[in-house]
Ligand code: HEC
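In the form predicted on its own, a lone chain appears below as structure tokens.
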């Protein structure tokens, strides 16, 4: 039997079966596109459609230059325009991400009230930074009493004792600030589904983020292992199915031999680069190339299979 007349060909399948496969490919393609959208919001710097070389180096390798800081301090000091997550910034936790209806409630305030609120929230952030820079005392945290190195304008609820002559706090409830701005999301059934995977509601959970490191740290091993597990299993199944479908199309044999396993192969290389990036920033930059190769192969598989299902591909050779 010639290659063109084999039974297991998309063109020889019944119309209902081809319709199911077509819908599957369209839906899986939309799902992949939504993943790219998530990548934009989660890791891309402002103004970038997708993460650039600086972003991938920062995420996977870290930034070794700069003064020694803990992971917690890095996130509190990072630019507010960075993605709101554990590899970007946590500044918005004191403002736009501090409550579900922040924008609506903030807009109702007068300009003077808005200015006062922002100053108080900034004081909360600076108080936590002051505690971190002074050694992140466990005793002060557990007693919920911390003496600031310099007075700050801060939310009234967190002030302990008297203020200075200018109405600034001298001593604050540091644990209460941390609980309201951080633990509200970083706990079981917290306000953010992603953040609850990284609980901070107990000291032993927080302690590992207080370790002083040179510059910004690479992606945590636990998170990297989890991401690797999800991608190796989930994406391999997806690329395996789309590759199998493409292998049964009417495109020339050499095309099917190359493209059918293409996304799976480069996905494995891509994940290997994630781990190697912890050692060498060049491997982090290679992620941009391997990711593009995965995406291009997947796109060609979906598009080529859809063309074949509708009888638009070339005859087999």
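Numbering follows the first chain given and starts at 1. Please read all numbers here as calculations on a predicted model, not as lab measurements.
If you look for the form predicted together with the ligand, you will not find it shown, but the lines that follow are about it.
Contact with the ligand in the predicted bound form, defined as any heavy atom within 4.5 Å, is confined among 111 to 119, 93 to 101, 235 to 243, 148 to 156 to 93 to 101.
For the three marked residues, 75, 186 and 192, a heavy atom of each sits within 4.5 Å of the ligand in the predicted bound form. Put simply, residue 220 is close to the ligand in the predicted bound form: some heavy atom of it is within 4.5 Å. Although the partner is absent from this view, residue 85 contacts the ligand in the predicted bound form, with a non-hydrogen atom inside 4.5 angstroms.
The ligand is not shown here, but in the predicted bound form it comes within 4.5 Å of a heavy atom of residue 200. Heavy atoms of residue 178 reach within 4.5 Å of the ligand in the predicted bound form, making it an interface residue. If you take 239 to 253 and check each residue for a heavy atom within 4.5 Å of the ligand in the predicted bound form, you get nothing at all.
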